[in-house]
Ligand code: HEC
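Coming up is one lone chain in structure tokens, specifically the form predicted alone.
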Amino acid sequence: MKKKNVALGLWLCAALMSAGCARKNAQSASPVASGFGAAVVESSGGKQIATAGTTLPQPLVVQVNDEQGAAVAGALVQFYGPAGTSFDPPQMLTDSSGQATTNVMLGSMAGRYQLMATTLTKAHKTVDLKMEEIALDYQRAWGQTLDDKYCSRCHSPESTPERVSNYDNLAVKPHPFTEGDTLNKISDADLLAIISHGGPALNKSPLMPPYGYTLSKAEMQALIAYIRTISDPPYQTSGMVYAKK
């Protein structure tokens, strides 16, 4: 009797495992495409900034178009990223507007993440789109917080519900922190001097006030690290992380 119970138990375990595998395989199978495009273009969600290991603030949205630039519904889109990056969902068919939307969680490593969205043409050739996102470590996330509190009101021309930009009211326009063509040429020591002593420290505009009595040296260094990370073009490429299929 004991042998029969053991055998029955083993059979049930095997059946449950088999059913679980079948469900997993069914879930991982790619949906069948009913449409095919010629290009993938970004609709929104590129060049976002988030703390490493967290989900991007906004979803990533791409669109599949045909040769004439019209949206294609039912095209299969697959998303790829570096190790540690996850997509929810990682693949889907485009909707009636030709778009595919996914939420992206960045990996635990700070740096620039190159993501990829791919689809197939009618000839079953792969076309892809590369997009870049930025992951911040603790120091750079601290710098972002300081930027939001002290800098972005003047250095960013964009207003938000939380902050009205003062950029257009200034006679001398401050450089946005993403303006790598200019800021990449300024050394860390000179940036530290400008932040600490104001624009006149390097013969810059006196509209840039000194923050040496407001921010600690560690805070100023965190702000500089953040500026270096978000610069466009990149200040340095050693932290680049590339997507791999």
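Keep in mind the model is a prediction, meaning the values are calculated, not measured. Start at 1 and count along the sequence shown; that's the residue number.
Just so it is clear, the following notes concern the form predicted together with this ligand, a form of the same protein that is not shown.
Stretch-level contact check against this ligand in the predicted bound form with heavy atoms at 4.5 Å: of 92-100, 145-153, 76-84, 115-123, the positive one is 145-153. Heavy atoms of every residue among L170, L183 and I194 are located within 4.5 Å of this ligand in the predicted bound form. Checked against this ligand in the predicted bound form, the candidates G46, G53, P209, P59 yield a single residue with a heavy atom inside 4.5 Å, and that residue is P209. Within 4.5 Å of any heavy atom of this ligand in the predicted bound form lies no heavy atom of G111.
The closest non-hydrogen atom of H175 lies within 4.5 Å of this ligand in the predicted bound form. Taking non-hydrogen atoms only, A38 never approaches this ligand to within 4.5 angstroms in the predicted bound form. Shown alone here, A33 lies farther than 4.5 Å from this ligand in the predicted bound form, counting heavy atoms only.
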